[in-house]
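Coming up is one lone chain in structure tokens, specifically the form predicted on its own.
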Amino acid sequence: MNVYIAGKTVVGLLYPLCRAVQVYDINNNVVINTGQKLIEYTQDLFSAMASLDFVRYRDYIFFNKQRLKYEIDSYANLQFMNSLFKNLGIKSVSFSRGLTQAEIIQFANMLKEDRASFQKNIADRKYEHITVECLKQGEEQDEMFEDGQVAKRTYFKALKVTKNLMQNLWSGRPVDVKSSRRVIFSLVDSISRDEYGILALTTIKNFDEYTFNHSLNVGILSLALGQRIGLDRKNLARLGTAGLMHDIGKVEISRDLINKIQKLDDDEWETLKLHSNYGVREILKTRGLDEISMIAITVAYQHHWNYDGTGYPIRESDEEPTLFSKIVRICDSYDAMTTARGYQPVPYLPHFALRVIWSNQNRLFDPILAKVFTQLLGIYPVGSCLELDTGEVAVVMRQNPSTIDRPSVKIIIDRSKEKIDGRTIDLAAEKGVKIIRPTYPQLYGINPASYFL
């Protein structure tokens, strides 16, 4: 019995039942038939599992201790369940053997109540085969903002490996890609545990080490997007490696040109564009060439190919970029736009960079991937600075998957425009606080990355 598939299926059957009781009486045939489908499936599960346990933790839903991932085919179902648990203050729900159709329909009917009514009624009414644990007054899962030491260690270890890899190529020393493979699997594991935690670290932008930070950030963003569209662990490792090495051809280009502050002239621009071709040559130099290396070669060559057939290097009319190249195309553009560089001292606001990607779907970017990427990062990506209607300024700490326009934020500038170590607000829960607009952190002398370190 595949626990992950079982959890996704139960959520997929519970979702239409909850919807049905919002529209029909509980004795209506639509409700009864929908409830029956759910019970029939759970009876099969109970032959292998003593209980079916759903827990909401860090804005994720776990089924029997395994996290259910936000993927295209199950996003709406999981988003609904997460929002439901959050709004009603539910920490966990367990279904045990003997669960009946009448019980599950009555329980689904209670889920349409408001938070206070639900918690009172669930305490008064004891179900024989359903156990619900609710958050206590004032308890709103502080663990969402825990230290995240594991994610940080993984990030900085990956940054060190990336830096060593490229510096060895720069200096002509032999390169073994095995170390990068190991760190990629660590990143895959981090993404699987908590993609929002590791994505927060992509706000780290080191001007002096742009090439290294950028390569790693593109690898992480690509992994998160790949996971969201349902790639398995093996393919995520391939994609992550390709993302990490997409710009490796720049080691053949003068650092003075790469770091030039002034606008590039036509000849310099043509030279810089050759990094896609050089990437093929540099990866071929590495030891231990295998299937993953060949995928990385393809992405290094294609990651500036546009959806409409333009881009560079010039291609034949019938040549199409691979899925991995399309993913890296988006992630590379987003991280480049949101990073300060010599010729771009003030980067794009993350909010605006997403708008650029969205407005260029069907031209530069694959439209489906552009939509999923926006959904992944939210309207206001982690690290964004926002002006609130309270007169305060906040930094986005975490997305809310069920309400991508209402993230969790930390107040960093008070009403007097003084820097503070302020409270954290879940805007999905505190409806009274409104976002006025995104703002530049430079206006307040703020480095958003410092709040994640």
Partner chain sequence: MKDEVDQIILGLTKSFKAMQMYGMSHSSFLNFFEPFYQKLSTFLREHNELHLKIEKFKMIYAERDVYKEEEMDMSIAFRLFKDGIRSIGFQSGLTSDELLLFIDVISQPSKDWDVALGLWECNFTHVTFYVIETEEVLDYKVPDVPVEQIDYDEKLRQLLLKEKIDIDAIIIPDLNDREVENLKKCISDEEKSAILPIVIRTLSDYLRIERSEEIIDGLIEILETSVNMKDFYNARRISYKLKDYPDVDFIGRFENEVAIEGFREMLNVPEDERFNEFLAFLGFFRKKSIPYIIRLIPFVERTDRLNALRHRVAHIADNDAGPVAAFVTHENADIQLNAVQIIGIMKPAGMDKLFQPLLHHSDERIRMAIVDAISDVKHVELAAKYISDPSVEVRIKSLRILGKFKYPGIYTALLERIKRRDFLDLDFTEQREVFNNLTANRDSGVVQLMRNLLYKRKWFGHKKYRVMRRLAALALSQIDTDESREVLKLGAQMRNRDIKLACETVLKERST
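These figures come from a predicted structure and were not determined experimentally. Numbering follows the first chain given and starts at 1.
As for the form predicted in complex with its partner chain, it is not shown, yet the points below apply to it.
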query: 4.5 angstroms heavy atom contact with its partner chain in the model of the complex for Y24; finding: no
query: is_contact(V3, its partner chain) in the model of the complex, heavy atom dist at most 4.5 Å; finding: no
query: Its partner chain contact in the model of the complex: K65, any heavy atom under 4.5 Å; finding: yes
query: 4.5 angstroms heavy atom contact with its partner chain in the model of the complex for D266; finding: no
query: One stretch from 253-261, 110-118, 90-98, 368-376 that, in the model of the complex, holds residues within 4.5 Å of its partner chain by heavy atom; finding: 368-376
query: R153, K205 and W358 each touching its partner chain in the model of the complex (heavy atom, 4.5 Å); finding: yes
query: Contact residue in the model of the complex, from Y334, Y301, F85, F212 (heavy atom within 4.5 Å of its partner chain); finding: Y301
query: One residue of L272, I229, L135, I130 in contact with its partner chain, assessed in the model of the complex (non-hydrogen atom, 4.5 angstroms); finding: I229
query: Heavy atom contacts to its partner chain in the model of the complex at 4.5 Å, residues of 430-447 in sequence order; finding: R437, P438, T439, Y440, Q442, L443, Y444, G445, I446, N447
